[in-house]
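Quick heads-up: it's one chain on its own, the form predicted on its own, in structure tokens.
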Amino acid sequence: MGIHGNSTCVMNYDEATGYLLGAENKGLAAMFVMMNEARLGVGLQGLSIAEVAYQNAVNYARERIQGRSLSGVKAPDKKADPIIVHPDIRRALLTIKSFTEAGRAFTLWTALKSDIAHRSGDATEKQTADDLLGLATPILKGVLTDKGFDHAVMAQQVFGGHGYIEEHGMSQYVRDARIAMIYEGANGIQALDLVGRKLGANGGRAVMALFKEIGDFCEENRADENLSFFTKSLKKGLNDLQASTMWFMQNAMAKPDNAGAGSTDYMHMFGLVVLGYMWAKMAKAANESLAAGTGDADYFKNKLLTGRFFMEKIMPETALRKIRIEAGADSVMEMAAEAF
């Protein structure tokens, strides 16, 4: 498939001479300073490709006419209605839109943790931010690139057959999105890093801090009628995530394959909860702006609609992920290699 957006080549190091740079046995640690920063950049790449694919799909859906609306003609002056009137097209577009908007918020939230970890003068604040940055890195990289590719394909699908030919350029977005799931640590490794290293790091300090932050947000805003739908949906997702975390603690030590078999589902469940948290925070800000009469009211209303779609249609996936995790590793590991 190639990485056509970059200047790349194959380099052969056979019979080359290697030279030690820096202290012996410290190279891997140095490399991971670069690698962890790169993972955040790759996560942003996955998100960005989803966004540009979405923008193209929206423009096409507004212009392409095909069929009539199920609820009655919407463009009587034309031979057919634009395809954006069809519920399934809207489902696809809102799936991508709700993901990219929350993904941008998650990326900014993570970047802020990095700034605090590097620049805060408060030692406790600095440590907490560094903990959360480490926890967020595999989630951001793995989830945003997995979904970035999925959503590039979804945007391509809006074009129908036109999405598969080169004229509209959608096939290039799909090809370009695919590599982000692999480099800087393939996403299966991100999931294993999350479950195998980040959850238990420092006695689970980071994950407990984030669970508390999200839980406190839900509790503090529970009485807000304008926000209750968001906080209730978020709390359900958080409960699923906490239950799955506890299941790993009870079932993965004696049988590590349980952690490996459920790691990808867990990473995506964690991503759903974090993105849901971003939506709840955005909904709170939108409601406050509407109440104060500041800013563009239509913008904030549409922001709330997009967030409601995420909470109704996407957040419930945490329950499915929980079922998969708790099924364990037996069906995954029982079959002999020769039988595949």
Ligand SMILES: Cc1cc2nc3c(=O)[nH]c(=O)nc-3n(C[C@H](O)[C@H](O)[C@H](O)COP(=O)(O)OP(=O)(O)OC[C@H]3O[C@@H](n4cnc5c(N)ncnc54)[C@H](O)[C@@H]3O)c2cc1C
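Quick caveat, the model's predicted, so the values are computed rather than measured. Residue numbers here begin at 1 and follow the sequence given.
The next section is about a form of this same protein that is not shown, the form predicted in complex with the named molecule.
Per the 4.5 Å heavy atom criterion, the named molecule in the model of the complex is contacted by stretch 184 to 192, the sole one of 184 to 192, 93 to 101, 107 to 115, 142 to 150. Think of it this way: in the model of the complex, the named molecule has a heavy atom of just one of 129, 179, 83, 214 within 4.5 Å, and the residue is 179. Put simply, residue 333 is far from the named molecule in the model of the complex: not one heavy atom of it is within 4.5 Å.
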